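Only one chain is shown below, in structure tokens, and it's the form predicted on its own.
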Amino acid sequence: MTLLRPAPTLFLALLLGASAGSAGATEFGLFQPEKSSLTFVSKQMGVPVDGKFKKFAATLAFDPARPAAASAKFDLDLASIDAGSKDANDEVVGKAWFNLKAFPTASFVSTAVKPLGGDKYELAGKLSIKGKTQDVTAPFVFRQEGGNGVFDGGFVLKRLDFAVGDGIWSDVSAVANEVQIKFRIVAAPAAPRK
């Protein structure tokens, strides 16, 4: 049986990317879901397994000239997970993993964006998965491509902090506790304020 990979950190990664910037005085706030991605890599029995989430929503505001004023909120549809196989997808939505019936979404709300120099930033915020909330930070790079802002970053999520993989799945020799989250968030400029 293929084991499900916890992917809540992906959600965080997306959020993280959406909150930073470093160009001009344009506010990027129109999330482009078709150009954005949230992926993860977990390890089962030491073997890396790739996965992704297909549906998430973002509300963000980022002016590269004022990164400290940036804000972002992400809502991740946990049912949209692709953990690599039908068996894994069926397993991960169950009570021991995401408990989709009780907790259909994961969310991230930013609390701060810190410039690290150049085009590098660090996003901090609150990640909520399966009724548990933890502080998270994620480094990311911001750049402009055409007229859009692109946020690329990632972080490591510890699935057991969110009770993702309860019971027999809490044995980290079978499924690692650490899940690598990677995100690419693309946002168009928001309409000018009047």
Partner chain sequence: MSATRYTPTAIALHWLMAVLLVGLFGVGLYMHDLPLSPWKLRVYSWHKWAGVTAFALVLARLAWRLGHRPPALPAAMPAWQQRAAHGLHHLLYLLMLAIPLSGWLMSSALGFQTVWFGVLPLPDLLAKDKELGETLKLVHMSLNFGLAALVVAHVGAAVKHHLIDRDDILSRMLPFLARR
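These figures come from a predicted structure and were not determined experimentally. Positions refer to the first chain, counted from 1.
Although it is not shown, the form predicted together with its partner chain is what the next lines describe.
Contact annotation: Asn148 falls outside 4.5 Å of its partner chain in the predicted complex, judged by heavy atom distances. Its partner chain is not shown here, and in the predicted complex it never comes within 4.5 Å of any heavy atom of Ser36. Under a 4.5 angstroms non-hydrogen atom cutoff, its partner chain in the predicted complex lacks Pro115 among its neighbouring residues. Proximity of Met45 to its partner chain in the predicted complex falls within the 4.5 Å heavy atom cutoff. When contacts are defined as a non-hydrogen atom within 4.5 Å, none of Phe40, Val93 and Glu178 contacts its partner chain in the predicted complex. Between its partner chain and the residues Ser71, Ser85, Thr105, Asn99, the one pair within 4.5 Å by heavy atoms in the predicted complex involves Ser85. The partner is absent here, but in the predicted complex a heavy atom of Trp169, alone among Trp169, Phe31, Phe155, Phe162, sits within 4.5 Å of its partner chain. Residues of just one listed stretch (59-67, 127-135, 46-54, 140-148) have heavy atoms within 4.5 Å of its partner chain in the predicted complex: 46-54. Residues are counted as partner-facing when one of their heavy atoms sits within 4.5 Å of its partner chain in the predicted complex; in 93-123 not one qualifies.
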